[in-house]
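Presented as structure tokens, the chain that follows is alone, the form predicted on its own.
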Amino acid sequence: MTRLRIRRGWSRSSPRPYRGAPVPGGFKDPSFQRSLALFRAFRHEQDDPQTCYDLLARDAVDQVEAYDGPVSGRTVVDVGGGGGYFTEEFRKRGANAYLFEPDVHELGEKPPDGAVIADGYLLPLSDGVADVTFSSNVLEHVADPQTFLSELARVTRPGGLIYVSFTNWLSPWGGHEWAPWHYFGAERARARYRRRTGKPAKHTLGENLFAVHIGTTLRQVRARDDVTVVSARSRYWPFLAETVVKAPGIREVATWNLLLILRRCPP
């Protein structure tokens, strides 16, 4: 099993213009400006991924710190973090952050130092090594979300924070690159994508993309005895982010992306 070594000396100089104000026990709904900036950046994900994911990483770490305080000096495990944008942002703020990614192609040309190729179902880590376990937009890409969540909980220390966000299937972006045509059927949407772009879609339903729903996920998470739910909210909404998640039916479309803030329970 890999044992994490503490690394120090990272700078906290990262710009943080989109931070929502921290409030007791949680994260205040941010501004329209923040949501609009994220949306504009996401529109250029394909042609300017660096700008898009740098902004998303700063925003996500702001959320972690709003719920759990400064990450400086803490051990952070980033599971499925792709090219390492989130890992690098945690490191800029002084965290001892480590990336575990199952797909070598997702790491890109310059992955963070110490990145590990590892499956999120079976992380090469001892129990309770992480102060923060972080997973951004991974849950919809795993066939067994509950086993994946169990592994995130296992490597988190009692009292530690678990950050999980995912794009739910009925979100307007649920079909990823072939959205919103997934509402008319996955195969039809994929065929349309190929006709329009001349290349096959990256995602295939049932292989590397799965129909994960908010209501089902909330019921399963709340039934667990290894975590407690601190917050369930829309990740990107500028207002009433927790309220929309409480509305059955509507939430499956309107939430867009569900953010779960979980706290690891004592064994």
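Note that the structure is a prediction, hence the values are computed from the model and not measured. Counting begins at 1, following the sequence as shown.
This protein has a second form, the form predicted in complex with a small molecule, left out of what is shown; the following refers to that one.
The stretch in contact with the small molecule in the predicted bound form, judged by heavy atoms within 4.5 Å, is 120-128, chosen from 90-98, 68-76, 179-187, 120-128. Under a 4.5 angstroms non-hydrogen atom cutoff, the small molecule in the predicted bound form lacks residue 171 among its neighbouring residues. Among heavy atoms of residue 148, some come within 4.5 Å of the small molecule in the predicted bound form. Residue 111 falls outside the set of residues with a heavy atom inside 4.5 Å of the small molecule in the predicted bound form. At the 4.5 Å threshold, heavy atoms of residue 156 stay clear of the small molecule in the predicted bound form, well away from it.
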